[in-house]
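Below are two forms of the same protein chain, given as structure tokens: structure 1, then structure 2.
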Structure 1
């Protein structure tokens, strides 16, 4: 095979793409359509609670266009990190959408599903065997951290996806996958160099974010050859430049020269970016360096309680001057009033927008004199009811707190919403972000074949 073309419709499945661009991409006769559907960036809630950060209707819209195009051209569709976090529940959510599309469009689809969730018992066993190591700056893993984790996934490499492609399928739905793998797997399977395939995948997974002007909701086409790959945007209003592509290589990674992934490193020390014409960039020289041991990245989230928030503002300079003292006093009032509740069971936090609400500890300008402040009262508690109670009491106490020098005696807060308190549900935190050493890259990623529709 001389070259292989992969069309990436959008940065995240469900973020959308213009049908015009997609059509122009299809006119170039791609060999595969592949898309990344997930990320840990939206935070630990989605993995822990087993829900998607993308909307079901938006995902269905994108998938329907992709599946219909794939069927028409007779080419496979690949989806990585299905459902946003790629655990079994996310995979089933995506499968359900595919089933619905197949029925509506009268299609019979041969689908390979690749699971990426690992049972806690298995992880504990591997922990005892010393197979789980840290990924700095995250610390060492503990037995307690594993035991308290609600759900654990691992990022698969290309191997399970290559196996899935052995089965002449219409669609591959992969659970949690290293972002470039759904793009790289068909290329490596066809005999193209691993380093170039993975580097192209790293860029395609964000689709048009790597173009200029950039967009998270538009297509990118990659053409892989034996000694290079070429990137172009089907949308004529965007283009790929050496700057946009090279800059994207920096994106979301701590080291642009070495991109760590399952089983090795994509080494970009020798990578060359060349402007082919006004709209296309050629990339060459990227190498894959296999590591001695094959490691996969584990991700886990654990539930720490329930959240309720109340959003308010103040425009009073006398209050703003002493805001920290006031908030501390109100916190104490709440604690005293609920002295029968253990303070281990709830936590009260205040986010102060207009001062350091965005940067927190990293904010260098803490002494600015804002004329108004946005205050978010946030309570995290053992139960939703307790979070509601503590938030409600803190809100009413702050509203009427008689701080020293107060002139505005009718109320201290401006509320935009009624009801003013918003129960925000389960709260999770990342509890695992570690490396597991495996003997077989396919060990934890079984492939299941199904007929849908």
Structure 2
């Protein structure tokens, strides 16, 4: 085989894509259609709570177009990190959507489902065996962290997906997967270089985000050859440039020349980017360096409480000049008023937008003089009721706090919403973000075959 063509419809399943752009991509006769469906970018809540961060109807719309196209062309569809986080509950959620589509469209689908959730008991066993290590900047994992975790998934490499493709399936639904793998696995299975296949997958998983102008809701086409791959956008309003593709190669990496993944590293030191014409870029030279040990990344989330927030603003220059002292004083007032509650049972947080709400302590512009500030009061507590109570008292205390120099007494804050306090429900944090050493890359990723429709 001289080349393989891969169509990536969108950056995340459910983000959407223009149908005419998708159709132009199909006219190039791709060998398969692949899409990434998840990420840890939205935070730990979705893994811990077992819900998707993408809308069901939006996911169904994208999947329906992809599945119908795949059946028409006789090519497989591959979905990675199903349901957004890739645990069993997310995989089942996506399978239910596929079943619904198959029935509505009168289709028969042979589907391979690949689980990526690992039982807590197995992770505890591996912990005792010393098989779990830190993934910097995370520190060493503890038994308590594992035991308190709601769900644990592992990022699969290409091997389980290649096994699934051995079964001549219409659709592969994978649980948590290393982002490039659903794009790279069919290519590696067909005998193409691993480094080029994974690097191309690294670009395609974000689709036209790597184009200019960039978009997470449009298609990208990759053509893999034995010595290079070529990227282009089916949408004539976008184009790939050396700058846009090279810049995206640096995306989500702490080393510009190394991309770490299951089983090894993509080495980019010899990578070259060449502009073929005004819309296409050729990439060559990327190599794969196998690791001495095969490791997979573990992701786990645990519930730490419940959240309530209140969103307010101020443009009083007297208040703005002393905002840090005011917030600390209000926090102390709340603690004194609820001295019967353990401070271990709740936490009061403030985010100040217009000053350092994005960067926090890392904000480099320390001397800015804003004329207005947005203040988010956030309380995390052991129960929703306690979070509501502490947030309510903190909000009312800040609203009427008599700071030095204040002239008006009607209130210090402007509230955008009524009610001003918003219960936000359960709060999760990542409790596992570590590496597990395995003997078999497919050990924790069983493949199940189903006929749907």
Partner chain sequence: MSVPLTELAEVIRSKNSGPYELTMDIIFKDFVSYEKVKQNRVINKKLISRLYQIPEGDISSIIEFDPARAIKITIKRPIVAGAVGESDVYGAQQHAPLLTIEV
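Note that the rigid core is defined as the largest set of C-alphas that superpose within 1.5 Å between two forms. Since this is a predicted model, take the numbers as computed values, not measurements. Positions refer to the first chain, counted from 1.
Annotation: structure 1 represents the form predicted in complex with the partner chain, while structure 2 represents the other form.
Core-superposed comparison between structures 1 and 2: the Cα of residue 289 travels less than 2 Å. Once both forms are fitted on their rigid core, the CA atom of residue 329 lies 2 Å or more apart between structures 1 and 2. Interdomain rotation between structures 1 and 2 (smaller rigid part relative to larger, C-alpha based, rounded to whole degrees) is 8°. Comparing between structures 1 and 2 on a rigid core frame, one finds that residue 367 has its C-alpha moved by 4.7 Å. Superposing the two forms on their core, we find that the Cα atom of residue 402 is displaced by 3.6 Å between structures 1 and 2.
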